[in-house]
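Below you'll find only one chain, the form predicted on its own, shown as structure tokens.
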């Protein structure tokens, strides 16, 4: 009974954070609806999510709980939907930490006829909108640093960020297979302040659903959003070549098998629809982490009504 009482007290202590979280979700919806986006809902339980080497889905019978709504949303774009957004619960096996939950809330949006530059502009406008709605002044204080939300963003390529903050070339880091380690330890803590950072132009090996950059095919038109050292969002100019997408999925499956993880069937209906998708861009953003920033919460638990351990 003591554990139950302690859990109840923790939830009671989150009440003010959950009020801010609710305002945040409402403000996000207003932002997209006012800009002509259609809010959609797609199934949570799907037969085959996109194969990604380091994301393991949660099984639900012979199907999976989606780790992202992206495949269904892209199929809507392929069916003629031009500007859509969704706020959904998503599921990833084994993700648990101060910034991670195995079930969390994701914002995802798509723009037909646009590329990742449009997503960068969306991110700037969204942060400015939320700052105006939720803060007394447009400066967010978090983790001992400040991020101004009404002054645009710092846009920096991955190669430049690694040279600036790690003192090493991107080619060298890719060759020794230490990209994630260097990014986490040397680069990410320096991003997102005093302005939010849009980190873009990733190595093509790290852009599984992104199209190659026309001016440099070794790079992918991928962008990630950072605020106050926290990674919030990940977006692409979407790959619409079904043959190339299948090859990349197969490569991801081989990486998963190397980790001892067997995979579901290939998402064939998505690949069938892909040639009908126009050029477009899509972004996924973690709303729990965004709520952490606006509440000052040190862990994701503090902005969640229940943690897995309390269920």
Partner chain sequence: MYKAADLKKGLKVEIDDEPYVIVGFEFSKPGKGQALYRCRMKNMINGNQMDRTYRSGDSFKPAALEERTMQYLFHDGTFYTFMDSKTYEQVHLTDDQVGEGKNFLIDNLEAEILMWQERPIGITLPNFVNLRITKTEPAARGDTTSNVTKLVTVETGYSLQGPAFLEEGELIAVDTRTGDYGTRVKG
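Since the model is a prediction, treat every value here as computed from it, not as a measurement. Numbering follows the first chain given and starts at 1.
Below: the form predicted together with its partner chain, not depicted.
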* Asked: Which one, 232 to 240, 113 to 121, 133 to 141, 148 to 156, holds residues whose non-hydrogen atoms are within 4.5 Å of its partner chain in the predicted complex?
  -> 232 to 240
* Which one, 80, 217, 97, 167, lies within 4.5 Å of its partner chain in the predicted complex by heavy atoms? -> 97
* Indicate whether its partner chain has at least one heavy atom within 4.5 Å of a heavy atom of residue 183 in the predicted complex. => yes
* Asked: Does its partner chain get within 4.5 angstroms of any non-hydrogen atom of residue 247 in the predicted complex?
  -> no
* Heavy atom to heavy atom, is residue 178 within 4.5 Å of its partner chain in the predicted complex? -> yes
* **Any non-hydrogen atom of residue 52 within 4.5 angstroms of its partner chain in the predicted complex** => yes
* Structure fact -> In sequence order, the residues of 136 to 152 that place a heavy atom within 4.5 Å of its partner chain in the predicted complex are none
